[in-house]
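Next comes just one chain, in structure tokens: the form predicted on its own.
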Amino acid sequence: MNENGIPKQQIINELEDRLRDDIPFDSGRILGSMCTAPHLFAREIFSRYLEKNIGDPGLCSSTRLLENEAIGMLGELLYHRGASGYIVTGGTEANILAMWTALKAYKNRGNEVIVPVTAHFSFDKAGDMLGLKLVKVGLNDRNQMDIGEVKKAINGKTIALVGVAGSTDLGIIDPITALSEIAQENDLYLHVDAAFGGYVIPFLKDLGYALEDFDFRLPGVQSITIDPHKMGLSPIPAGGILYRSRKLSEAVLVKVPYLSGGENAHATIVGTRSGAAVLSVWALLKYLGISGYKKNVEKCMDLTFYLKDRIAETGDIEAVMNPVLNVIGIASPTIGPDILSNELRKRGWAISLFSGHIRIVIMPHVRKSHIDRFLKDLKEIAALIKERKFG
């Protein structure tokens, strides 16, 4: 720390210089992230209400009411207007909260949770933090959680099932209807991780896509993760955890007697929570509405299928499967995904590497011109593969 302060412009200049290697969303080079540039209106709201700490809700009673309204709007999107919950830091916190809630609800039964092998790493964190045993089951021929394996894995210590609606690797929707039935038959807690798909699937259904149900219409579903800072266009941090009932949302309530606003309990993992994030979510849900989000999702899906259809022109690179959401896997039969990833990164592309493929996510910041530029590089890399220039 300096003895005396430094002029603002000097600091700004230094930041600009030192952050030059960070890749901005508007470069079009970020094709592997499930986050995107926040909406301009949301940025305005966020910056206006930076001081609000909903972690002391008595000081922000109006913000807390607006959080309830935001949760209600998200609940309506997920077919349960009366859902209870919170705007949290992200999908990781939401998933950990759901597992903590399940453990509380079945504290006298056991500690085993059945998840697909495609489950987000946040469940591994939850297992480690909460002393849960994760039982990971394989996939069927559609890359969904295998229901037969789920049934075999259930035993007297099982407390919960987890299904994913928009998997991290390929955007797959697990058979949540079947999981709901199993959960009811065996008295198990069912959590749906729709951190990504929650802001996509409802609008795709409105657009005529035939997708599996995943929400509170299914009676076995007890909680859902949905992230506004992904396809919801809200600034980071803004995740969401929705519960079927207020009783569930308060299962992990912790008393905090010293809060200066008078209220004395928390039911989230973090204490201090951004009221600005809450208000940004509320404002965007109001501002964009169903039609705005539907238009956003439609554009992303159009570009996803444009990319999928054009990949065949690159030669030795192909789509892993037909996209379900705005997520697409690409691979080459002649070169490993790690080498393909390295070549793409050398050309400045920020993509995601999985064990068998490269993942591309077509988020709202991606334009057709970005995809065309990416396809051009893919075609050149495929040509180099063919000429055995590397690999």
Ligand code: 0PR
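Computed from a prediction, not measured in an experiment: that's the story for all the values here. So that there is no doubt, residue numbering starts at 1 and follows the sequence shown.
Below, we turn to the form predicted in complex with the named molecule, even though it does not appear here.
Comparing 152-160, 88-96, 301-309, 136-144 against the named molecule in the predicted complex, the single stretch with non-hydrogen atoms within 4.5 angstroms of it is 88-96. In the predicted complex, the named molecule stays beyond 4.5 Å of every heavy atom belonging to I241. A residue is said to contact a partner when one of its heavy atoms sits within 4.5 Å of a partner heavy atom; I224 fails this definition for the named molecule in the predicted complex, lying far away. In the predicted complex, L66 stays away from the named molecule, with no heavy atom inside 4.5 Å. The named molecule is not drawn, but in the predicted complex it has no heavy atom within 4.5 Å of D174. In terms of contact with the named molecule in the predicted complex, the residue from S122, N296, N111, T314 that brings a heavy atom within 4.5 Å is S122. A single residue from the set I335, L353, C35, I330 has any heavy atom within 4.5 angstroms of the named molecule in the predicted complex; that residue is C35. Residue R359 is the only member of 351-368 with a non-hydrogen atom no more than 4.5 angstroms from the named molecule in the predicted complex.
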